[in-house]
Structure formats: structure tokens, C-alpha cells
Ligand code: NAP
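The chain that follows stands alone, in the form predicted alone, written as C-alpha cells.
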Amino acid sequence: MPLPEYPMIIGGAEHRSDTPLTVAVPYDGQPFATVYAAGQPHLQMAVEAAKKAAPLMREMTRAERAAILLRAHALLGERRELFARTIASESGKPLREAHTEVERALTTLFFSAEEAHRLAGEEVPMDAAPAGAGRMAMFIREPLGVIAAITPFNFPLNLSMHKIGPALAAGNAVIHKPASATPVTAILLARLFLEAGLPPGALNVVTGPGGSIGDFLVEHPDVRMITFTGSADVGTRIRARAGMKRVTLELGNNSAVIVCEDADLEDAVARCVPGAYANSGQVCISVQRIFVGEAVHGEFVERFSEAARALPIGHPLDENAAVTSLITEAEAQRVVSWIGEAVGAGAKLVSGGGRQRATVQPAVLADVPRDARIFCQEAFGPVAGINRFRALDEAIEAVNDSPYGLQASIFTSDIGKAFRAARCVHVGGFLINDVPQLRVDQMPYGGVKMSGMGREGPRYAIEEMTEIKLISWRVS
């Protein structure tokens, strides 16, 4: 039986190429769907379609844009199960997490529609300066035009929505390049927006290898902005090649948690375990490094490893599975090799770490050397390292000893300790008595250092996706 086909969406129409690609379920390699690799003619066609649609989006009223987004919201709500099963199948994410992703995407889309209503500038107090006497001014926000959105495999719907929803709300047109492993969700989403009344060409989806497509979009003079979520290496390359384009980068991390001796250990473990192993650790804010007060380190390790061992492993479409597979077997092999390297350097493997195909058992390491790759780089796999500290300043220094700075957190009953850490840890977001693997979709989200630049969340993304125009007039 032939696999379902999902052609590219360009200018509101389906397009195939001479290069079909098979999308497979990462857990067992079972073929799932057929898509097509874009060639340069398809990419140029997508840019031309977006250029044609951009003036239409720009001239739409805020109410018209919001209405389209709300119709898309209703359609997505009706198709929850289809999207959840598609996400689980092509990304290997457990089905229950895929359902959560769909609900989050609905929230992101709803807030994007609301921000379309609220898109506004403000008055500029010209006469606050002597040279401004007799003048009034305001600024307005205008769309940039054509935006290229390049998205990763780990949240193929919601991370796409965080780029597409605000871009459309602001009046831009979008060319979407989804991850090669998870293109089907993106194509289903583009079909849904067309059904909701989005003008043809306002959302185009091109599929295939990331390097050639990404380079084309980054360097094309008619693309005004690149919004990218992915690895720090690729993000750095994009930033270097983008020239004067607007760029938003949401890159890697190795999220840290401080657990103080006065913390509620039961609560900390209950939050940190899913924070470390959700989506097999393939979340840029997954709990990776845990620093625990020396007096409670042993108890925390015991409780944490017991909870990690209890996580059920299975097929992504198994409703009971909490851990499934990594996106490829090669990634699973890499994670296991990093674990072995850390153990060879003196870390203790407390539990887990075994591999079958692309699935790695949730791994718990203790007393990990800080220069081990599993600790100082982004693991992007189901592994957490638990080290001890004596004083809070020591823990803060260890958290900051990283090239990344996306999110981090602390567990403590002492509000003074909590806010001292919040002020001293160099990250884009800091959480108290919670895990860094938390993203509420309307909050400003983004990192510092090698974790990126710019902020997402519909309101904040729209600020990145528009430009300010001043309008001044002399009144006397």
C-alpha cells in the first residue's frame, strides 16, 4: 500500500519534485509518509509567492487578520487527534505529550489572534525637548514583509506556531522550512490556514535538506527576516550570513537546577524528573545539570533515580509510554557515548543509560566532572547529572559556568536565596520552585550568550517581526 503523500504548499497550491523523501517513525523506522525535496525553482517560487501575498497581508485590517487566526484556531481544535498522532508518529514523541503540544499550539494561536487586535504604536512626547515645541508625533508598527521560519523537529507544531502565528498577526507573509524529520505537521498546518481563509502565498511550506534551503532563504534579498530555532552551530552560521536582515535565534542550552538543603525534596524530584526526560530529553530547556546541597545530595539522588527508573518506555502511539525514542539512532548512539565518556572520567552511572535502536533508558549520573561533554554541552537526550554543592555562591558559579543561558531554576524555602540566585544567574528566564523546562506560551522566551537572541511569545515576537515608523507633524 503506497504511503500518504504530502506535497509542498507554495502559493496556495501543492507542488511535488523529482526527489521524494520518506518520513519514518523514529522509534522503529516504520515508513509513515512521503514528502518532496525542494529544488531551487521551488524556493524561488516560494519567495515570489510570499512577495505577492505580503502587500495583501499588510493591507488587511487587524480584525481581518485576527479573524483568520481564530478560524484556524477552531479548525485546529476540531483536528486535535489528527495533529497529535501526526506529531507522535514523525517526531517519536509520546502521544500524551503530543496531545499537550496541540493544546499549547492552540493557546499560541489564540494569543497571536489577540495580539493582532492589540498591535499598536504610541504617542511620542515631542515637546519634552525644546526642539520639539509645537510638534506632535506618534509611531506605528509596520510588517517587515517576507519572513523565513526555520523550525526544529522536537515541537513540530507549537514551535512553528510561535513563528507563524505572530508573523501573520503582524501582517507578514511566511516561508516555512520545517525540520527534515517532521515535515508532515507543517504541511497539515499550511492546509489548515488556507482553509481558514489565509491568502494563497501568505504561508508557504518548502521541505527537504536544511542546509541548501536555509542558505537560500538566509541570503535571498527579498527575505526580510529569519526566525530560527535549532542548534547553536547553525544559528551562528545564520547570523554570520544574514547581513542586515532581522534575525531571531532560539538556540541550545544545558539547563541547570539548584536544589537547596531547605527545599521540599519530594516536590523537587516530582518536577525535575519529567523536566529531564520529557520527549526523551529533546527539549532545549530540559533539566540536564542538577546542583544539590551536600547534606541532601544522597537522598535526592536516590529519590530521583527511583522515579526515573519507573518511567514506562514504549512506542510513541502507546498512551502509557512516558519515554519513547530519540529522533535518530545516531543521536541515541551519541548520547550513550557521552555517558560512557563521563563515567570514564569519574562520574557514577546510578541508573539507566542502556540503548535499544533509537531509545535510551533515562540515565542518572552523579558527581559528573564539569568538563564532561554530557555536562558542559547540550546533551539533548534522556540524561541528568546530579552534583553537590556546599554554599549557594558555589552553585551559582557552577550554573553560570556554561556557554549557554536560556533558562535555569532553584528550589528553596528561603525567598532571599531564591532572589539572590535569580539576580546572579545569567539566563533569559529564571524560575523559583519550578524547573527550567517550563514555557507558558505567552511569556517572553529566549536566551543570552550562546542560547540566542531575540524573544518569542506572540506579543514579543511581533515586536521582532515589525518595524517602527515615526510620524510627526508641526501643529503651530
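Everything quoted here is computed from the prediction, not taken from an experiment. Position 1 is the first residue in the sequence shown; the rest follow in order.
Same protein, other form: the form predicted together with the named molecule, not shown, and the subject of what follows.
Shown without its partner, this chain lists 231, 400, 100, 107 as candidates; in the predicted complex, only 231 has a non-hydrogen atom within 4.5 angstroms of the named molecule.
Of the listed positions (154, 288, 185, 89), a single one reaches within 4.5 angstroms of the named molecule by any non-hydrogen atom in the predicted complex, namely 154. In the predicted complex, the named molecule stays beyond 4.5 Å of every heavy atom belonging to residue 115.
Remark: residue 323 does not count among the residues lining the named molecule in the predicted complex, judged by a heavy atom distance of 4.5 Å or less. In the predicted complex, the named molecule lies within 4.5 Å of some heavy atom of residue 179. Using a 4.5 angstroms threshold between heavy atoms, residue 238 counts as touching the named molecule in the predicted complex.
In plain terms, the part of the chain that comes close to the named molecule in the predicted complex, with a heavy atom within 4.5 Å, is 206-214 out of 91-99, 206-214, 344-352, 304-312. Site residues 8, 148 and 193 are none of them in contact with the named molecule in the predicted complex, judged by any heavy atom within 4.5 Å. Counting a residue when any of its non-hydrogen atoms is within 4.5 Å of the named molecule in the predicted complex, the one hit in 388-415 is 406.
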